[in-house]
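Only one chain is given next, in structure tokens, and it is the form predicted on its own.
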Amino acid sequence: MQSISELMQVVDWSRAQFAMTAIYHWIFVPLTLGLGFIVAIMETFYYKTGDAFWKRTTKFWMRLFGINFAIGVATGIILEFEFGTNWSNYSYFVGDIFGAPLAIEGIMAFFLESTFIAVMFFGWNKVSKGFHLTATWLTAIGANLSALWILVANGWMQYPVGMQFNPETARNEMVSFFDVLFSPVAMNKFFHTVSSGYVLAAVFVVGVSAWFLLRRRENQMALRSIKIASVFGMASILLCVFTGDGSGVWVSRTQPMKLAAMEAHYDGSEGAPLVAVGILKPEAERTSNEDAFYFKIEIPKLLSIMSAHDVDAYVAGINDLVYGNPERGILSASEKMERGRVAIDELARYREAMENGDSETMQAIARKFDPQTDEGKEFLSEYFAYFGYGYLQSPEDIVPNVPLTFYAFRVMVGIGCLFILLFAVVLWTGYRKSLERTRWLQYVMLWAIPFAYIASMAGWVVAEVGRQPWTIQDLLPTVAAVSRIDATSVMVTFFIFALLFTALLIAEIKIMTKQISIGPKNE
């Protein structure tokens, strides 16, 4: 048996390894999601006009897409294997549900990409223009279908639906595939995530094209690429803003602690303001009654509007969720922990009865887990809904890293607002045909590329750090989800993966910059 300290080492190193793998993987994914569609749009112009310029331009951006796609696949495969190696308890507990979208992603989306990407890269002059264009579009669609199924799985972790707990196997089993697929949290997460990827790809194309303009090379290719990418980027970022608004509503309903952490909102209030800019005090004071900020600028009532589309809506604070607020019907974390332990004890009683062959006791307990019975409905809503709380050690465990979540949210939103301004200025100067002469804007476009990656990463920090300590919201904390393995093995593989992924990233940057410096090749 592992001691508590040994178990926590496994948890910490497993979280670190998964976070590191996910961060490296996400460096490559968003560019693939958006650049595939931009390439398909460019090839559509070639198909329509027959102009060799568009074929040459398409091939250039396609080369960059291919480099990024290949390295992204390598990191993604490792990420999925970690569910079995480091998070086997999680995989057992919900594998029936979580595994389904990942299996579909592998069978349908990944093979769709794998099949048509070969035609996309090697089918020039070997298949008809129409078939090649179809292959390019299907490759782009396949990449986004892969994202769909992965984000459906992630969305289910944030908001578990469409399932029923089986006490005989101690596993959650899927009862409605469509509830899992069309969960409003999953759908909103998908559109918000892919639209952010489209924005990153648009910024990338605009920035690389600006590099050519600064060096007075390939001006026609650069200007036309900027025009397509900026229109694509503006449409994408408006979609991102719309889905971001939806995210605020659903986070307030399903993950109120995440919303409170995003705003460092400690005490609930009606007509809650949103902190536009603020400097937090040390996290040690996060559950105290003191003001959490050294300095802040607030927008009145905006947090209530963001969370419920109601200027006077009550927004629960961190202290409400930890210590409870009976007037608002908010249970304390300690009460939820007690109820969670009741559910865990009932499951233990069922397992004991099954070992002893006590069918009468098994049937009595099984009714409590059956949503078709009145007894089951009450038990599931009053006790099993807080199953994961039973594994926590203290009420404060439900509070995520507030400063990291708070600042990451502002980085994401702040950079996103700047991109709206950037695309608007680029489109305006392009319309006035002055972009080629506006050197300062070209530098801004070029240096916007790293900020797109920073904003994208910040979004995932908000999504994943903000929901800690949960692997599955309210049902399974990280401490109960890890594999019972030696922490040293996780530590060693952490550093191996860190070296491997860093080498891949360096290789990608060197290959990409070399191909950009070469530029479009003549036919």
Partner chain sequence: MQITYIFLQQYWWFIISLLGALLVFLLFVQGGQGMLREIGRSDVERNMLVNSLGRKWEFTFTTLVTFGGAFFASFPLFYSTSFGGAFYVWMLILLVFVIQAVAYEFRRKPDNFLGEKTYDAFLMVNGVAGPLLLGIAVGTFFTGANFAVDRINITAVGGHTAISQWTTPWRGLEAVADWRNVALGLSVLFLSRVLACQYFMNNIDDDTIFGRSRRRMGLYSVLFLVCFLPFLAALFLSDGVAADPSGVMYYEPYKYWHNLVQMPVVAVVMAAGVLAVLTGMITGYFRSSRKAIWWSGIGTVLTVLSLLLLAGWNGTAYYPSNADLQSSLTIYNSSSSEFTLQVMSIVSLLIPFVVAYIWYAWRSINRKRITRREIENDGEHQY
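What you see is a predicted model; the values in this text were computed from it and never measured. Positions refer to the first chain, counted from 1.
What comes next is about the form predicted together with the partner chain, which is not displayed.
Contact annotation: Thr115 falls within 4.5 Å of the partner chain in the predicted bound form, judged by heavy atom distances.
Shown alone here, Phe98 lies within 4.5 Å of the partner chain in the predicted bound form, counting heavy atoms only. In the predicted bound form, the partner chain stays beyond 4.5 Å of every heavy atom belonging to Tyr46.
Residue contact check for His309: none of its heavy atoms lie within 4.5 Å of the partner chain in the predicted bound form.
Proximity to the partner chain in the predicted bound form, defined as a heavy atom within 4.5 Å, singles out one entry of Ala170, Val231, Ala424, Ile141, which is Ala170. Of the candidates Asn356, Ser381, Gln372, Gln393, Gln393 is the one whose heavy atoms come within 4.5 Å of the partner chain in the predicted bound form; the others do not.
None of 484-492, 466-474, 32-40, 453-461 except one has non-hydrogen atoms within 4.5 angstroms of the partner chain in the predicted bound form; the exception is 484-492. Remark: all three candidate residues (Leu7, Gly66 and Phe131) come within 4.5 Å of the partner chain in the predicted bound form, counting heavy atoms only. Contacts to the partner chain in the predicted bound form (heavy atom within 4.5 Å) from stretch 84-123: Gly84, Thr85, Asn86, Ser88, Asn89, Ser91, Tyr92, Phe93, Gly95, Asp96, Phe98, Gly99, Ala100, Leu102, Ala103, Ile104, Gly106, Ile107, Met108, Phe110, Phe111, Leu112, Ser114, Thr115, Phe116, Ile117, Ala118, Val119, Phe121, Phe122, Gly123.
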